[in-house]
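Here's a solo chain for you in structure tokens, the form predicted on its own.
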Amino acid sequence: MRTPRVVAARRLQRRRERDAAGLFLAEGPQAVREAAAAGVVQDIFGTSHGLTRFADLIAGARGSGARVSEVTDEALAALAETVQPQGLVAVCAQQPVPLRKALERGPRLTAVLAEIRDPGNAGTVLRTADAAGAGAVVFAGDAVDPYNGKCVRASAGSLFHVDVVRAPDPAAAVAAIRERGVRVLAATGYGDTDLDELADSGGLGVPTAWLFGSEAHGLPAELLALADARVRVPIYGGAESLNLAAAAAVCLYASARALRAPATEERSERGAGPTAQ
């Protein structure tokens, strides 16, 4: 049976309804667990099997004030967007962070997704940015909704770990980032700077924001012009190019390694002293 609360939750599958309510759906135990840890869960709907299987998760969410409702398999299937839902769907509060506030926190690594429309790609880049230690991910311009169900699933919980920013004007966002003294690098297959050469020269060891454009159209010319450098990932084999998610992973991890290197070297030097004596 689909109760009024289930019907209301199902409306959140549409962006217009999500934006109006400031809510979204997180599907599956991993996403629900991360959402509960972040304190954004309002309601959890679960089948009898799902509530029993993930009893510890449910108990923790209840302790944080979430309402928990048992629903039929049919009702859960109506809320879920996957073919084989895993028994839990949560209604969560959106928590977008204003760009100004995100920049005030001084992230050393930021990903800017400019006009990226594919939710799977966007969610994967968000997950990769989180893994690489980025502090913020900016969805700029007419980008996909970060609270789109497919994007939420592809992020595998990383949506709740980093500052998620919506910036309607990509150029203004880039300008604001540069004003904070952050180096802006545009990832493009036609870049005049090679990523390996940039890394070898020490050019990645400073606070950096990477610009990524859509897989179909790349970055618009006006954003490329605003970047401090236009960087290409070298292709050593016969592949024509890398897809967006793969290229973003290479770029973000190159920066992550460079940004962590001084601390790693300092720790090594501190540890080497007593051993040498």
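Position 1 is the first residue in the sequence shown; the rest follow in order. Predicted model, so just to flag it, every value in this text is computed and none were measured.
Omitted here: the form predicted in complex with a further copy of the same chain. The next part is about that form.
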One stretch from 176 to 184, 73 to 81, 95 to 103, 127 to 135 that, in the predicted bound form, holds residues within 4.5 Å of a further copy of the same chain by heavy atom: 127 to 135
Full three-residue contact with a further copy of the same chain in the predicted bound form, heavy atom 4.5 Å, for R5, S64 and V144: no
Sole residue of A246, A55, A225, A216 within 4.5 Å of a further copy of the same chain in the predicted bound form, by heavy atom: A246
4.5 Å heavy atom contact, R166 and a further copy of the same chain in the predicted bound form: no
Exercise: V233 in contact with a further copy of the same chain in the predicted bound form, heavy atom 4.5 Å: yes
Residue contact check: K150 to a further copy of the same chain in the predicted bound form, 4.5 Å heavy atom: no
Contact label in the predicted bound form: D192 to a further copy of the same chain, heavy atom within 4.5 Å: no
Contacts with a further copy of the same chain in the predicted bound form - residues in 240 to 258 whose heavy atoms fall within 4.5 Å: E240, S241, L242, N243, A246, A249, V250, Y253, A256, R257
